[in-house]
Ligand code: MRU
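In the form predicted on its own, a lone chain appears below as structure tokens.
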């Protein structure tokens, strides 16, 4: 992966950028210390960027994969104009293997696969690039609608807690849970955002705080383990999080630590909201037990900023996600509206609606 500096203002809304027949990804591993892009010129570098968490957040992963499909189709067509579709199957597998939990990744691959299947002879790149760009634009528009629906649920002014990063960096722009917070802030409903640091990658400290500070939204960081005490102190109306996959019964897979937040919220009478696009709802996965949970290297937990913090010989369990039971979720908000007290029947009705 090649690091480059682009002549554009860096912001959360340009975390993914198609320019000069290349995909550029703002390297989120380096924020907020450095603001540089990674150039992806083929499917292999795109998949590696997804795997290495240069780009993260379920919607952003899906968009990056769509552009990765464009790069793959371009290369396959240049090599074999008759057999590019068949050869593209291997590239789809490379992308699909990059991150197993975020269902948006597979949704994006399937959408580009379907578009490719309907093409005639000739260069497939213009049509596939148009599809990827449409997905990118649609995600931002959907997030803004989602933000409005979520903000309607909030009675303010109140403080809220959020976990991990769910803003423009994790999406095509505006954000899911952070989009709800942005919309509610515009309506004067948010007095303070408490952002969990989100160990071990510190997405809350490095990314969420970076986005909120740029938007002049009041934010205070706290250790993940401080959230229950913050709720007990009062003044917190909602916990608002995103999701990487929502099962058909309403169980929610999200960044590790979300389940504990939901348990604490229910104990303290704090409402719990999940904001995610309908592409994150996987009606083929019956419940949370069927969601594959990615585990990453132990070193991510055993060290911090490249320095080992644990004694030699100590191991680590490092699941990236956990599953919050639907019974602990007060509302799921999508671009279509609100699912209160989510269960299998309510999710099915929501997904069946036009």
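Residue numbers count along the first chain shown, from 1. Keep in mind that what you see is a predicted model, and the values were worked out from it rather than measured.
We do not show the form predicted in complex with this ligand, though everything after this point is about it.
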Which among 36-44, 52-60, 284-292, 311-319 is in contact with this ligand in the model of the complex, heavy atoms within 4.5 angstroms?
-> 52-60
Looking in the model of the complex, any heavy atom of residue 244 within 4.5 Å of this ligand?
-> yes
Report whether the minimum heavy atom distance between residue 182 and this ligand in the model of the complex is within 4.5 Å.
-> no
Is residue 164 close enough to touch this ligand in the model of the complex, meaning at least one heavy atom pair within 4.5 Å?
-> yes
Close approach of residue 170 to this ligand in the model of the complex, 4.5 Å, heavy atom | yes
Contacts from 174-193 to this ligand in the model of the complex (any heavy atom within 4.5 Å), listed N to C, are 176
